[in-house]
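Here's a solo chain for you in structure tokens, the form predicted alone.
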Amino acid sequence: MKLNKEISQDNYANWFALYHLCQNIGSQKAIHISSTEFGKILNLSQQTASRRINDLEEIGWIQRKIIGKDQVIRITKKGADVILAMYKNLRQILEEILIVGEVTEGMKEGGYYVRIPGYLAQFQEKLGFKPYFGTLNIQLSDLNKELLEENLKNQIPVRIEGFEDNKLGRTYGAVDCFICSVSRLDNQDVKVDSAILKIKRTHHKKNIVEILAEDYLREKLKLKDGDRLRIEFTKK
């Protein structure tokens, strides 16, 4: 991965300082801040913080205006471009980190809901396949759940609308499906097109993810409880 020359090793201290300035400026156009206050934010001495501000001004990442003993700092377009470049690099790194979970025994409720005609018809129409009457349950670590949630923010879900069953007098909620592929961690050559189901009402324990596919995934990938599975999203 190529890094923008502005965020090269020589500039690490500067973009770290710029990052903290942006954090504190937030949606404001500028910030009133002294070198002492900035030093506390960076956990540096006042003298070192002052040098950081001077360096940022010299390389054109900030503009500074002295007002008495105070100073007003705003981020320049060049500085904003550096933050954007760093964001793009970090986003790419995040997207390339493996999301891995362990196959675990489910509560069989996935199979029940998939069979309901109001859901099944929409799954077939909107996902493009008739799903197996059941879901594969994956247990994620806290870190992998966070990575998954961050990745999902960059995906457009397929919406399965909620509906009412007048005969039973029951309402079924909407479900968001996120297109992905899954594979054994120890054999990533065989990938199966699938969908992650985002269900608001579920009785599953923490960090359980339900995977829906046309195939019976346990059989297709020869899975047993405890096997590790990788989740991937198609790059856009």
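Here the structure is a predicted model, which is why all the values come from computation and not from measurement. Take the two forms, find the largest set of C-alpha atoms that superpose within 1.5 Å, and that set is the rigid core. All residue numbers refer to positions in the sequence shown, first residue = 1.
Omitted from view is the form predicted in complex with the DNA, to which the following refers.
The shortest heavy atom separation between residue 52 and the DNA in the model of the complex is within 4.5 Å. Although the partner is absent here, residue 44 lies within 4.5 Å of the DNA in the model of the complex, judged by heavy atoms. Remark: residue 63 does not count among the residues lining the DNA in the model of the complex, judged by a heavy atom distance of 4.5 Å or less. The shortest heavy atom separation between residue 187 and the DNA in the model of the complex exceeds 4.5 Å. In the model of the complex, every residue of the candidate spot (34, 48 and 69) has a heavy atom lying within 4.5 Å of the DNA. Heavy atoms within 4.5 Å of the DNA in the model of the complex are found in exactly one of 52 to 60, 179 to 187, 207 to 215, 164 to 172, that being 52 to 60.
Once the cores line up, the CA of residue 137 ends up less than 2 angstroms apart between the shown form and the other one. Taking the rigid core as fixed, one finds a CA shift for residue 158 smaller than 2 Å between the shown form and the other one. A displacement of 2 angstroms or greater separates the C-alpha positions of residue 71 between the shown form and the other one, with the rigid core held in common.
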